[in-house]
Each structure stands twice: as C-alpha cells, then as structure tokens.
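Shown below, as structure tokens, is a lone chain in the form predicted alone; questions about how it binds or moves come after it.
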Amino acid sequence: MMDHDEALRIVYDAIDVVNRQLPASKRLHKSPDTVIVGAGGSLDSLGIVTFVILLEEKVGEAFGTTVQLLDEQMLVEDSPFQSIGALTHYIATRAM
C-alpha cells in the first residue's frame, strides 16, 4: 500500500505537467476538493486522458510496474476521479 502523502505527491506532479499545457483559467488547483471529472471540472476529454496517462506512468514508476487506473466504470457517479482527494485515496489504497 502507498501512503497518502506519496499518492498526493504523485497526483500533484501529474497536475503540474497537465497545467503547463492549459490556459491559466483551466488549470487544476492543488486542493483535495478540486473537481477533476464531472460538473465543475476544468479538463476536457483530451485533458482527462492526458492526466490519467501521466498519473498511470507516475504511479507505475513508483511501483516499478504497469498500472491501469481508468476503466469505463471509473467516470460514473462516485468515481475516484471526481476530486483530487478521492483520487489520492483511491491510489493510496489501490497501489499495492
């Protein structure tokens, strides 16, 4: 299991990379309450895909293995991708 602080650092690292590609008004804020997917989210579909790919790479590097964080059921209600806090918790408890 990954600790919460390490998972949060990985999420924030991915946000830094994605934010460099976005205009200032669309950038993700580094806060557990920031919405990633759904109402209030600032990423379009390409931004979401880019963010997830970066995140999978960074989690995979931390564990030395390939990691898949997204499937078709991950973007529904109660998805871990709804907020940074939920995503961090998901990564910390899933990455073993």
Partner chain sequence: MSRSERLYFIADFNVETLARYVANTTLADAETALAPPGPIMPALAAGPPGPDWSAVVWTRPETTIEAFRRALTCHEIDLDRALDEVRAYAAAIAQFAARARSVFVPIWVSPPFERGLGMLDYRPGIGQAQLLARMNLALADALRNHPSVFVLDAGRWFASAGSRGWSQKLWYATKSPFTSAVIEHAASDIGAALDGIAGRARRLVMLDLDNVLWGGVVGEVGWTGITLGGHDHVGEAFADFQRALKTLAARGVQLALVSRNDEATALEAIDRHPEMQLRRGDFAGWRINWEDKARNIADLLAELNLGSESAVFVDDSAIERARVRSAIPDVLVPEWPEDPARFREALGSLRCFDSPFLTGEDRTRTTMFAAERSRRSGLVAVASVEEWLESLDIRVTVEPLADGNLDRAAQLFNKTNQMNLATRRLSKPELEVWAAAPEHCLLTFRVCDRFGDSGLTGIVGLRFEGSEAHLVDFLLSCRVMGRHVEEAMLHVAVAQCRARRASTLRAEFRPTARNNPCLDFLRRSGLRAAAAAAENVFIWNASQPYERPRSVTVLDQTGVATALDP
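Quantities reported herein were computed from a predicted structural model and do not represent experimental measurements. Numbering follows the first chain given and starts at 1.
This next part talks about the form predicted in complex with its partner chain, which is not shown.
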Quiz item: Might residue 79 be said to contact its partner chain in the predicted complex, defining contact as any heavy atom within 4.5 Å?
Solution: no
Practice problem: Please run the contact check for residue 35 against its partner chain in the predicted complex: heavy atoms, 4.5 angstroms, yes or no? | Solution: no
Self-check item: its partner chain contact at residue 30 in the predicted complex, heavy atom, 4.5 Å
Solution: no
Quiz item: With the partner left out of view, is residue 46 within 4.5 angstroms of its partner chain in the predicted complex by any non-hydrogen atom?
Solution: yes
Self-check item: Partner contacts for 12 to 31, taking its partner chain in the predicted complex and a 4.5 Å heavy atom cut-off
Solution: 17, 20, 21, 22, 23, 27
